[in-house]
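Single chain ahead, by itself, as structure tokens, in the form predicted on its own.
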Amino acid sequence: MPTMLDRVAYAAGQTARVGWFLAHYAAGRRQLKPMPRPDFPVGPFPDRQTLLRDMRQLFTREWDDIAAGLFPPPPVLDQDPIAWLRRSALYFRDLPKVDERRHARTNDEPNHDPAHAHLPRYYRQNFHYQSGGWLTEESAAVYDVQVETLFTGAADVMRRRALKPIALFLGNQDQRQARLLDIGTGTGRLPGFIRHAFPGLHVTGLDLSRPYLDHARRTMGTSRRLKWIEGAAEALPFADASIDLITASFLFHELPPKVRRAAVAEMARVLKPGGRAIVIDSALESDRPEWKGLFDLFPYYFHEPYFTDWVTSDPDALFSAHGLTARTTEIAFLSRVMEFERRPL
């Protein structure tokens, strides 16, 4: 069981992380030109104290699960501090280009590169107005800094909310017999945390971006029990009923509705009866109506063409239509953590 020293180390580490990315957020805002006022209604906003209180509750919840023995304290992934400093420098170097695209509403540069012609059209965009979209080594290097800055150091802890339902599903069974697939794995941070918490699991991260998978291999490693493969969520390269657990973090709001439905159908196809799908994504407007202004402005400031459709959707109905029954839902700061069970055939 964790000790008081473990708790102090956890609190100090997470506080330092939040402070680091809060500093990135403050410094980055000074580099950006003011955006024109939106020409659509904008809902209410939470105040800073409310956001900070909710974030603190998120960390408290994680520590309570650690103290209960569900999983160990999180590791420091990708521990090279020089690499993180380089990525921070790349992030700030890219900000003026991001701002230029934001004001010009330029978002389809990857679509004009013939090297990406084999990828789905919806994927060939400058999501977040980021240089290269998700299709360059430079983009992979800055992605985690960008996302953690956006969430002021809380992105990883929101991802790690998947660990609780995984732990409860595995129970006392032999982890070595279970297979987990993380779809839209990006730079591989969620598989990295899962492998640390459940070292016996066979974990595979799947993504459409070869540069992001290469980044995951370098930073998270690879082994007999940790693999990375190139593929699409809507066409999973796995046999029917072959996977025990599927995870997806911050993927579904990046998918157009048609592709989202196809991805859920594929998850249902490859899951074993009784298997679980654990999806972490943006909270919905109905979850946080008093925070609606955040949902209104996020796709305006960041290129997120499918975000509004996601936050106004009904995920339980979507998954149920494909044989996946909702078991638990947790609203974790700005995220929604959903667990679905594959109904018996």
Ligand SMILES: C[S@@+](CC[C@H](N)C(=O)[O-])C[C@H]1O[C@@H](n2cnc3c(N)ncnc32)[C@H](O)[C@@H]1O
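Please read these numbers as outputs of a predicted model, since none were measured by experiment. Residues carry their position along the shown sequence, with the first being 1.
Here the subject shifts to the form predicted in complex with this ligand, a form of this protein not shown in this document.
- Residue in contact with this ligand in the predicted bound form (any heavy atom within 4.5 Å), chosen from 109, 148, 78, 234: 234.
- When this ligand is considered in the predicted bound form, only one residue from 201, 262, 170, 208 comes within 4.5 Å through any heavy atom, namely 208.
- Contact annotation: this ligand lies within 4.5 Å of heavy atoms from the stretch 115-123 in the predicted bound form, the single such stretch among 98-106, 115-123, 215-223, 264-272.
- A residue is said to contact a partner when one of its heavy atoms sits within 4.5 Å of a partner heavy atom; residue 159 meets this definition for this ligand in the predicted bound form.
- When contacts are judged by a 4.5 Å heavy atom cut-off, residue 184 counts as touching this ligand in the predicted bound form.
- Among heavy atoms of residue 255, some come within 4.5 Å of this ligand in the predicted bound form.
- Among residues of the shown chain, residue 71 is not one whose heavy atoms approach this ligand to within 4.5 Å in the predicted bound form.
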